[in-house]
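Take a look at this single chain in structure tokens; it is the form predicted alone.
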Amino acid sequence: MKEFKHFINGEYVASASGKTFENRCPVDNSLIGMIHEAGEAEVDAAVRAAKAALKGPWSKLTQAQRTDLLNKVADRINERFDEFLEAECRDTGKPRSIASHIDIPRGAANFKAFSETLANHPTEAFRMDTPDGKGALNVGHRTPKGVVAVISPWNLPLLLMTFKVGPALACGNTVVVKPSEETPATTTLLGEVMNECGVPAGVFNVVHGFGPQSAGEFLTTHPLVNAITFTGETRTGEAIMRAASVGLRNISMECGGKNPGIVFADCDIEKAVEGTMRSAFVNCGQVCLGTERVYVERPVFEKFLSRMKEEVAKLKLGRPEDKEANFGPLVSLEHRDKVKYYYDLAREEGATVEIGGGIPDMGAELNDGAWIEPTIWTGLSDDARVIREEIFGPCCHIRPFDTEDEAIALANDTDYGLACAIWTENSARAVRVAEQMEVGLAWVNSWFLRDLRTSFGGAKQSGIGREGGVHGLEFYTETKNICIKL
């Protein structure tokens, strides 16, 4: 049985209190190991180690040296690919075919991508006139923000954690990571890689636990934390914002979504079906950018719905190691209960269940796991809770529309604004509609197509700030203007 300890100042340490909690595999609910729960003492030690590291050897490295070190981290993750893959699949239950192509390689690539972005981004300089005629020169200079608290989610544990840790370290910060209590494995394993690559002690720290009255609260309220970056549900984000207001700490948040897909009659129908199948059902629907509301122009509504049902019926549920499987369980039984609640609510609200809607029979070996059926509904009213609230499961509601303006209004009728997917072969319409969407990311004839140089973040209740590429530099650094009188 595995033991998941904290990683503080370059060492794995147990909780002084002796408190632990279980880590279970969602495939069959088997016990993976015990996770140490951090108290205030462990969080304080981690933050102080990160603070001290800002004045140690880490601060003496040049940008090129930091880049070389982070490239080694990326390479070492890939060298230990199978270990990271096994850990991720055990924690999440997702098929290896997915995790091996997305989670692990992209989790490693984040260290290289953001180092290269920083190395190639210029600072600003302005020459100005002065009354004596000699002038002055203004030069921009970026410095690390300091200690960055990283609160990462369970749906893409390694990828979304390194999406924050990569740029934070590239900019010279130190980090204390609080991974989800559901998925501690790859974040814990990364501590070994940091030591193997020679990252100075205290630069990368990990504490385990929950939110309120546990590691999450202790970390976000710690006075020596300079900035907080968070991915998770909006309600938790609001609590973190309140904590960050004490001391006016910087925050960057990517929160919930109720993302729309818009399918116009002039689209390539097979391309739209393939894309929507991915956006609604990949990772068992546990993707913040996923599509839970699909609006289809009436002339192709029946055809699109029929094709979606055909493709959902082909999804193969199975263990991560099953090469034929492309659909895994939800992350936990607790989350399965939440998603199943919405499945039952959909019926109460008058939905037609086109396919799915229940818990599958997976056989004696797997029935204790967090399995649920991929589901499509039609017939719900626009004010139904299933339409308004984020479910974060493998489901979508498909509704017809008649005009472009109606589609835009329906898509924007939500408290969230993270992403959308637009399917049309009319380029003018694509641009016109995308510009009117109240979201941070608008895809046209694609989904989850990401260039790490571009901005990432949400509008409305889907988040605050932008990360990715040069946009992340604004969060992970302080810009200082140096004015030199000539």
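All residue numbers refer to positions in the sequence shown, first residue = 1. These numbers were taken from a predicted model, which means no experiment stands behind them.
The protein also exists as the form predicted in complex with nicotinamide-adenine-dinucleotide; that form is not presented, and the subsequent description refers to it.
Undergrad: Heavy atoms, 4.5 Å, nicotinamide-adenine-dinucleotide in the predicted complex: which of 92-100, 394-402, 173-181, 140-148 makes the cut? Say which one.
TA: So the stretch in question is 173-181.
Undergrad: Going by heavy atom distances of 4.5 angstroms or less, which of 240, 282, 273, 104 would be at the interface with nicotinamide-adenine-dinucleotide in the predicted complex?
TA: It is 240 that has a heavy atom within 4.5 Å of the partner.
Undergrad: Would you mind picking the one in 84, 154, 327, 343 that has a heavy atom within 4.5 Å of nicotinamide-adenine-dinucleotide in the predicted complex?
TA: Comparing distances to nicotinamide-adenine-dinucleotide in the predicted complex, the residue within 4.5 Å is 154.
Undergrad: Tell me whether 158, 162 and 202, taken together, all sit within 4.5 Å of nicotinamide-adenine-dinucleotide in the predicted complex, counting heavy atoms only.
TA: None of them does, since no heavy atom lies within 4.5 Å of the partner.
Undergrad: Spell out, yes or no, whether the shortest heavy atom distance between residue 255 and nicotinamide-adenine-dinucleotide in the predicted complex is within 4.5 Å.
TA: Yes, residue 255 sits close enough to nicotinamide-adenine-dinucleotide in the predicted complex that at least one of its heavy atoms falls within 4.5 Å.
Undergrad: Is there a heavy atom of residue 236 no more than 4.5 Å from a heavy atom of nicotinamide-adenine-dinucleotide in the predicted complex?
TA: Taking the distances in the predicted complex, the answer for residue 236 is yes, it comes within 4.5 Å of nicotinamide-adenine-dinucleotide.
Undergrad: According to a 4.5 angstroms non-hydrogen atom cut-off, is residue 369 in contact with nicotinamide-adenine-dinucleotide in the predicted complex?
TA: Outside the cut-off, so no.
Undergrad: Determine whether any heavy atom of residue 216 comes within 4.5 Å of a heavy atom of nicotinamide-adenine-dinucleotide in the predicted complex, and answer yes or no.
TA: Within the cut-off, so yes.
Undergrad: Go through 374-390 residue by residue and record those having a heavy atom within 4.5 Å of nicotinamide-adenine-dinucleotide in the predicted complex; state none if no residue qualifies.
TA: Residue within 4.5 Å: 390, and no other.
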